[in-house]
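The chain below stands alone, shown as structure tokens; this is the form predicted on its own.
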Amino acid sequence: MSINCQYLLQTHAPAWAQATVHPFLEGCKAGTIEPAQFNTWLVQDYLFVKDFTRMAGRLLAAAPDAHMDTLLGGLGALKDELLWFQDKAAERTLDLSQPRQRTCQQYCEFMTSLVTTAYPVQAMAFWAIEYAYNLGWQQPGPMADPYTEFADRWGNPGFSDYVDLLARQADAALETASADVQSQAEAAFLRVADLEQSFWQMAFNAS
């Protein structure tokens, strides 16, 4: 039996819950998150998204023709996202040239390492990263200002539709993959879940 996105979500539900449910997000919903916590997340996530954009470029290079349109659309959105992060940082007078914190560095190194894996592994990891944000920002429900804008960016229906397309592409790639490649994809999914939890915690620990 070949694995797919739904199989991974069901089989590893506890790990995925830790990746997408966190006191940081609950604090945004309640409006109780501290400025230092949120600002740490914003700067480190900007640094993360820069490397995620590079991952998207590598994924596009490995993708079959049928998957190119969806991935090209995602790349265009990432350009807008980086500019948006810069605007949000300027509003808060934040320095985006800060170094990556350890968790962010580990996440970026993991994304870079995927270039040596088969396309189905990369496609699965790419979907998991996008879905973690899609789900994480919408699960708490409506958020207090000024965090509504952030929740809407990743929790909106259009982004959910994009994530669904990524899931279908990952499923299609894994359908004919070898058992070894499927095993690597499952390991990548679990690594994403672990890194997502650690990233929220990194920001939450800021003071």
Ligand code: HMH
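This one's a predicted model, so the numbers in the text were calculated from it and none came from an experiment. Heads up: residue numbers just count along the shown sequence, starting at 1.
Below, we turn to the form predicted in complex with this ligand, even though it does not appear here.
Contact check for residue 119: no non-hydrogen atom falls within 4.5 Å of this ligand in the predicted bound form. This ligand is not drawn, but in the predicted bound form it has no heavy atom within 4.5 Å of residue 38. Not displayed here, this ligand is kept clear of residue 110 by more than 4.5 Å at the level of heavy atoms in the predicted bound form. Within 4.5 Å of any heavy atom of this ligand in the predicted bound form lies no heavy atom of residue 51.
With the partner omitted here, the stretch from 140-148, 27-35, 56-64, 42-50 that lies within 4.5 Å of this ligand by heavy atoms in the predicted bound form is 42-50. Contact residues in stretch 132-159 (any heavy atom within 4.5 Å of this ligand, taken in the predicted bound form) are 133, 154.
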